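Below you'll find only one chain, the form predicted on its own, shown as structure tokens.
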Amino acid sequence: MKIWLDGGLQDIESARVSVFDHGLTVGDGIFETVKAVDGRPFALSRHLDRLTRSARGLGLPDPDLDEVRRACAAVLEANPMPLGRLRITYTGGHGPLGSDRGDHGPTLVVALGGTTRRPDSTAVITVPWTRNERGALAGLKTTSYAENVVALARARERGASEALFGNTVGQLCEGTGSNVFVVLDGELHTPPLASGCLAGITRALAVEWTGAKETDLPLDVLGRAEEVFLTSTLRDVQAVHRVDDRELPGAPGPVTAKAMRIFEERSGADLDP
């Protein structure tokens, strides 16, 4: 297995990042996960645009997107696989043992792991913790992921694959690594970015391609929605058949099934929409 680290391909066994890297010591970094099918990345331009937005939001230098593209191409070529998770990580680099940054410049890592197609439907839970829609990291895809680790562990304990958060004012926000859509009176809705959710790439495409409305929704909408589905890089559009103890029989329902079909057709026709 080959990865890209700071300018070139390296063997995974010998690649080394400093133990003083700010991404390790304080979570000072950003990342993107890109779906790769038969060595071809999906929606890479959108992912790189978001990588730059996240870097600016965190106060990191803009990443060299030409280098990131070269790194992605090199890693994909070096590690052929039918379905992969391409991970781009960009951190504050070598720094002091505190929140202040050093002056050594950022670290760039691109790696690839194999994955499998997700099931058509899944179970989710809600958690008592909140997303802070007014926080400094709201809407940024950062490596400060510990609260997602805790929430996802709780979901796994309860036989679910995702945990959904509300925000500080009780609105539906997002999952640990996904965006959420609901069907109300036959119409498709998803929380707006102002809720504090990540500007998901798959979310944006689903909104564009299905005409879903961005709507402020109370967290308890999950108790009455006719259908619920998740979107993310590796889930694409995935129906939800259980929310907490509430079953949604027949998932995917008709609106979700249509969204799944549209996404599959449109994404298959254009790898970089």
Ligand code: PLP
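Residue indices: 1-based, along the sequence shown. On a predicted model such as this, the values are computed, not experimentally measured, just so you know.
The same protein also exists as the form predicted together with pyridoxal-5'-phosphate; that form is not shown, yet it is the one meant from here on.
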Do Arg50 and pyridoxal-5'-phosphate share at least one heavy atom pair within 4.5 Å in the predicted bound form? yes
Is there a non-hydrogen atom of Thr122 within 4.5 angstroms of a non-hydrogen atom of pyridoxal-5'-phosphate in the predicted bound form? no
is_contact(Pro191, pyridoxal-5'-phosphate) in the predicted bound form, heavy atom dist at most 4.5 Å: no
Proximity of Gly175 to pyridoxal-5'-phosphate in the predicted bound form, heavy atoms at 4.5 Å: yes
Candidate from Thr89, Ser195, Asn79, Thr202 lying within 4.5 Å of pyridoxal-5'-phosphate in the predicted bound form - any heavy atom: Thr202
Position in contact with pyridoxal-5'-phosphate when the complex is considered in the predicted bound form, options Asn179, Ser161, Gln171, Thr126, heavy atoms within 4.5 Å: Asn179
Name the stretch, out of 22 to 30, 42 to 50, 244 to 252, 215 to 223, where some heavy atom lies within 4.5 Å of pyridoxal-5'-phosphate in the predicted bound form. 42 to 50
Could you list which residues of 135 to 168 come within 4.5 Å of pyridoxal-5'-phosphate in the predicted bound form, counting heavy atoms only? Lys141, Tyr145
